[in-house]
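This document opens with one chain alone, in structure tokens, the form predicted on its own.
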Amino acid sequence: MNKIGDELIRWYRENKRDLPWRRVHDPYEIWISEVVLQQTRVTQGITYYHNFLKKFPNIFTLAEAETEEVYKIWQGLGYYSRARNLHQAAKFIVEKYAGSFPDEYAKLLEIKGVGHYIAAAIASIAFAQPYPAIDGNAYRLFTRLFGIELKLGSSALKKEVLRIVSGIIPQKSPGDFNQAVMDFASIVCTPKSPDCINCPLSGYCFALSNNRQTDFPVKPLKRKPKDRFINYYLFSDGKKLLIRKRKSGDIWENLYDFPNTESSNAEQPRFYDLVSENHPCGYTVKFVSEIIRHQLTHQTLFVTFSEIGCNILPKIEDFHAESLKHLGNLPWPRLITRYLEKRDKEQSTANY
């Protein structure tokens, strides 16, 4: 099996992608890159990686930052628990280790949001320790190579692939090996139409020899996303809007949104469910958007935006008035940001 490791490293040194985090061995920058790349395409991740390090060039600036600053720079990347964990972890490392990353794998696992994959990536790349960094790319590559028919996500598969890769990863250059697996699976052993003809591991591959490349990894049955129907209301007196910071227990924790109602179907928006119809200044419905479909991992959102004019803003629990000029400084869900950007563009065009 050591020949597989040698082939992967040889291929990587000849074909590796030129990525900014490949040029550093600083555990802080490696950590940021790995967290950014979770559930994110590399092309999108590069921009966020640079922006994040420009705003927070070291762990001390991140630890000292306000939560909203971290969320704002993360805006649009999704999975905001990653940003929250980064912020909490930075404070932990500064307090417990005086800002220096621990160089022990077990201690890395104590850091908020750092699981086995990220701990192994930091340990191998920053500290040259032979810990396998196993993610979805690794599962695809090694289940094909060795014909492992255990279901993706199962503890049995995790144990088996860890056992196999632990016997392959070299004591020297473990960081190159882990990055080789990532690049090789992204470029050669792709999810669809793998380049088996040019694959240097073709002679070892169970899936290729049995013409079963698309059978691996074995995927569990997909859970059908839940449908949610949300109507947002932009109550405005021309200078301010009603907004709130979302709490924990649902999507978009600690991001901002507007008053809203939720229903079991795409019914007509009813903002009177939130406020009194006897409001002293009354309400003017200025605009109601078409239904906007927004896909999350386990939820499909069907959203409308209603713009409601009023001379005096209504009082709604948990919501406060915010100046229109300050909205851009706050972290919002990408869905709302896109709506606001489109709204501003349309208004600018109309005024022009």
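Counting begins at 1, following the sequence as shown. All figures in this text were calculated on a predicted structure; none of them were measured in a lab.
Below, we refer to the form predicted in complex with the DNA, which is not included among the displayed structures.
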For this chain shown on its own, do 37, 137 and 334 all sit within 4.5 Å of the DNA in the predicted bound form, going by heavy atoms? yes
Can you tell me whether residue 295 touches the DNA? I mean in the predicted bound form, with a 4.5 angstroms heavy atom cut-off. yes
So, residue 252 and the DNA: in the predicted bound form, are they within 4.5 Å at any heavy atom pair? yes
Using the partner position in the predicted bound form, report whether residue 343 sits within 4.5 Å of the DNA, counting heavy atoms only. no
The DNA contact in the predicted bound form: residue 16, any heavy atom under 4.5 Å: no
Could you tell me which of 183 to 191, 93 to 101, 159 to 167, 231 to 239 sits within 4.5 Å of the DNA in the predicted bound form, going by non-hydrogen atoms? 183 to 191
Which residue, 72, 107, 245, 82, is the contact with the DNA in the predicted bound form, using a 4.5 Å heavy atom cutoff? 82
Given that the DNA is left out here, which of 323, 51, 58, 44 has a heavy atom within 4.5 Å of it in the predicted bound form? 44
Since the partner is left out here, which residues of 88 to 119 would have a heavy atom within 4.5 Å of the DNA in the predicted bound form? 111, 112, 113, 114, 115, 116, 117, 118
